[in-house]
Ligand code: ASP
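Presented as C-alpha cells, the chain that follows is alone, the form predicted alone.
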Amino acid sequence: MLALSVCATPALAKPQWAIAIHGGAGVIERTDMSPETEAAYRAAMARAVATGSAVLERGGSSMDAVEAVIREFEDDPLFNAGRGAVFTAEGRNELDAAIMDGATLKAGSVAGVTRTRHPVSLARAVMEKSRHVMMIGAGADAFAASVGLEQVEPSWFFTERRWAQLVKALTDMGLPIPPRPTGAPAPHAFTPIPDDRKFGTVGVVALDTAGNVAAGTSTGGMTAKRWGRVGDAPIIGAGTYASNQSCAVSATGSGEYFIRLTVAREICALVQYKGLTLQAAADEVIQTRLTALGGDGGIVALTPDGQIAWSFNSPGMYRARAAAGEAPVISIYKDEP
C-alpha cells in the first residue's frame, strides 16, 4: 500500500516571501538510511533553502531564487540532477529542466541536454532569450553555448554511484552494459546510498516580496531510460507550473503518470477555479487521482497569498520550506511535518 504524507501550512497573514523545495521522492525510509547519509541530505536541503531564502530576503525575484537553488542542486552529486544524474541505457547523462514565471506565464524548458552545466539556467535562457518554450538535445546545448552558458564535457556529470546503479539495472534487465564514458575517472570503491528506488528530481517554488510566484524543476530522469525518453519535469503543466492567479508547483515521481494527469496544472486549476485551499488541491491530485492511477511521487507548491503545501504518496520525500519570520523546516520521512 502506498504511504501518504501531507503538509498543511495555511497562511494566517501573507508572508513577505516564502519558498519550498524538494530533492526527490520515493522509497526513503529510516531503516535504510545511515546517520551519516541522513545528515548529508538534511545539510544539503538546509543549504539549498538558505540559498533561496537569502535571495528572497534581499528582495530578489522568485525566478532568481528558483534558479539559484536549482543550480546548487545541479552541482551536488547527492541528487539526480546535473552532476549526479542517472545514466541512460546507452551510458549517457541526459538532463531535463524547466522554469516558469507566474507573473507573466512565460516558461522555458529543455530535454536531453548533455553538455550544459546548469540545465535550469538554459531553461531560463530559452524563456528569456529565444522565441521558444522548449528545446531538446544537441540543439539546446548549441543554444546554451551561443548565449554564453557554461559548457562541460559529458564526463563532468559522471558519478560512480550512478554508474553502479546503471550496471545493476541493465544486468537485471538482461541488457548489455555500455563502455565506461570517455573521461570518467577510474573505477573506485564508494559507499552505496540506500535510495536507489527514488525519483530524484529536484525542484523549487518561490514567492517574492513583489507577490510573484515561480517554479522550477531539474532532473536526470530515470536510470537506464531508453529511446530518448523524457519525463514530466520539463513538461509545462505536468512537472512544472506557475501562475499568480493560482499557485506554483514542482513535482517529482513517476513521470509518465504526472504527464497523463497534468499534475502541476491540475493542482493550480483546483485552486483557481474550484476555490480549494492549496493543501486540499494537492491532496486531491496526489493522494486520490495519482494514487488511483497507480503512480507515485509528490509535489511542493505555494500560492501568492503565502500558503505552502507538499503532498506525496511515497514513503519519503526530501523537502524543505521557509518563509519570512519563520524558522526553516527540513523533512525526509512521511511522519515528519
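Just so it is clear, the structure is predicted and the values come from calculations on it, not from any experiment. Note that residue numbering begins at 1 and tracks the sequence as displayed.
Below, we turn to the form predicted together with the named molecule, even though it does not appear here.
**Student:** Which of 108, 102, 253, 82 has a heavy atom within 4.5 Å of the named molecule in the predicted complex?
**Tutor:** So the residue touching the named molecule in the predicted complex, by this definition, is 253.
**Student:** Among 180, 161, 229, 260, which has any heavy atom within 4.5 Å of the named molecule in the predicted complex?
**Tutor:** Flagged contact: 229.
**Student:** Would you check, heavy atoms only and a 4.5 Å threshold, whether residue 201 touches the named molecule in the predicted complex?
**Tutor:** Yes, residue 201 is a contact residue.
**Student:** Although the named molecule is absent from this view, report whether residue 152 comes within 4.5 Å of it in the predicted complex, heavy atoms only.
**Tutor:** Answer no; every heavy atom of residue 152 is more than 4.5 Å from the named molecule in the predicted complex.
**Student:** According to a 4.5 angstroms non-hydrogen atom cut-off, is residue 222 in contact with the named molecule in the predicted complex?
**Tutor:** Residue 222 belongs to the contact set for the named molecule.
**Student:** Which of 114-122, 231-239, 262-270, 131-139 has heavy atoms within 4.5 Å of the named molecule in the predicted complex?
**Tutor:** Every other range fails; the passing one is 231-239.
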